[in-house]
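Let's start with one chain on its own, the form predicted alone, as structure tokens.
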């Protein structure tokens, strides 16, 4: 970081300003995650492509909505990037050159846009394609990177163009250019989803709302406490939650982390849980369930971007 002036940050924390004008603060990452755990790191609030390129000059991690993520109690040594400002804005105006009466291709939607608010706005406009992602507490960039979704739909159902910032510069790709699939996009780890264009079917607000309500029914039995979401991917079409439940682990508690009684594939923070508590529960599940389970969570530290 090349700090310039040092204005006061939130709650008295001293903020630095990088050479591109990016605000940089050392903050607890727990405040940015749906689980509510994680130690401190240097957080960059990136508002432009130039600022993003500067932030990527040294090892970094990109942090979106903070779901699907367990951050170590010691934090991480790398820069943590948060897309904000213009990179968290949306333009849903139909592109006249790409849209048809039945299909709308939007303007650019920033990677830092919260997905829940975007889905609600699309519903009001009567645009269909992303209602299957209803309720996912993510930002657009992270949701695209992992192809977030439910059994009723996923991010790649509504994408036209993906803008990526890479170590070599900025480029645009389409879904056809990527080997995407279940909970993965095929986007390399050292690429950041800065913006996307959406491709959506013209419908009506009522019809889109009905699809959202149908998809949301499957979430009614999920825990309402702090959680990253589903811990494990479903192996071979079998429910991971059912396997964990059959192993007698529903309701198991270590420290202040709990395998949710409502749904065994969720780990919740009862208040004051640590990442170590969560890791201990994950290890317990792996030891007791005989079928190999692949994590859906991303664990920090792990692999950072160069």
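Numbering follows the first chain given and starts at 1. The model shown is predicted, which means the values in this text are computed figures rather than measured ones.
The same protein has a further form, the form predicted together with a small molecule, not shown here; the description that follows concerns it.
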Work out which of the listed stretches, 197-205, 135-143, 100-108, 119-127, brings a heavy atom within 4.5 angstroms of the small molecule in the model of the complex. 135-143
Give me the residue from 175, 94, 229, 75 that has a heavy atom within 4.5 Å of the small molecule in the model of the complex. 229
With heavy atoms only and a cut-off of 4.5 Å, decide whether residue 62 touches the small molecule in the model of the complex. yes
Do residue 37 and the small molecule come within 4.5 Å of each other in the model of the complex, heavy atoms counted? no
Just to confirm, residue 47 within 4.5 Å of the small molecule in the model of the complex by heavy atoms? no
Should residue 90 be counted as a contact of the small molecule in the model of the complex, where contact means heavy atoms within 4.5 Å? no
